[in-house]
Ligand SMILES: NC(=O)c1ccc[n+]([C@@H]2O[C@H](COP(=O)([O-])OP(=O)(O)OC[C@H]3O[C@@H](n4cnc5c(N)ncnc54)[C@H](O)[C@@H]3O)[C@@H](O)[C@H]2O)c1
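Only one chain is given next, in structure tokens, and it is the form predicted on its own.
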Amino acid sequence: MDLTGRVAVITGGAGYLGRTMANTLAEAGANIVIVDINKEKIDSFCQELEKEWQIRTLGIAVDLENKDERRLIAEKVVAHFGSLDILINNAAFVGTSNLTGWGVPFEQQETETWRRALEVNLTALFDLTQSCAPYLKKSGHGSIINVASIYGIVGPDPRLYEGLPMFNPAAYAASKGGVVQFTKWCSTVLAPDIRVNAITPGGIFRNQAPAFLERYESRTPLRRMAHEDDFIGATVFLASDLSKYITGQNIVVDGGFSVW
């Protein structure tokens, strides 16, 4: 799983899961590109990565709702490093994002927020994949990893949210379902030069309400929510030549939540 010299682009790279993925690939020797919206957080994290793993980094501050900005990411990466080997589409509005008409009952969810979520969670992924594809093809071992969600493959269980100020946004589920299908679509269209796979995380512990935690854990075979470290194995596996004959797959890392 030696990734020395390879260049990995990670959107949402300054967030919790993005940081774990970046550290995982940096430990394996990859040079890391952190794409996120907050320049201060990006720069600070890039410095941490360079100090810890003695690799090269590039930070790109981008609003992924802006098509013109996101279409320039691939060019900036190649201008800096000369190549691009791995793309991790991780950025997304998630269930806890602070958006108007988002984590509220269905009748209060708003069309404009639906549009924003699909723009970031799905359309930006399309643009990044399209713009990075020529460079990934040239690398000789191009790999795309799309981060989906259990709510892209199963429906929400309303019993988890009863009596709590927590709701499951419809746009999140729809966009993540799109990510899974787009992964399959790309795996045939971009073959044989680029492998395209997805990781589907289960619920990740974020200090949720005790009642939610108890309910979620009780219906999960492994009896706990996920932690960021649970995704290390799938990340390095799909990014490296360990999975060189694997494409179009969705690795579900959910403690068994979706088996019921």
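Note that the coordinates shown come from a computational prediction; the quantities given were computed from them, not determined experimentally. In this text, residue numbers run from 1 along the sequence as written.
Same protein, other form: the form predicted together with the ligand, not shown, and the subject of what follows.
For L49, no non-hydrogen atom is located within 4.5 Å of the ligand in the predicted complex, even though that partner is not displayed. In the predicted complex, none of the heavy atoms of F182 sits within 4.5 Å of a heavy atom of the ligand. In the predicted complex, the ligand lies farther than 4.5 Å from every heavy atom of V252. The closest non-hydrogen atom of L25 lies beyond 4.5 Å of the ligand in the predicted complex.
Partner contacts here mean any heavy atom within 4.5 Å of the ligand in the predicted complex, and among 79-87, 163-171, 106-114, 147-155 they occur only in 147-155. For the options D193, E65, D43, E217, the one in contact with the ligand in the predicted complex, meaning a heavy atom within 4.5 Å, is E65. Contact annotation: of the candidates V94, L122, C132, C186, the single residue with a non-hydrogen atom within 4.5 angstroms of the ligand in the predicted complex is V94.
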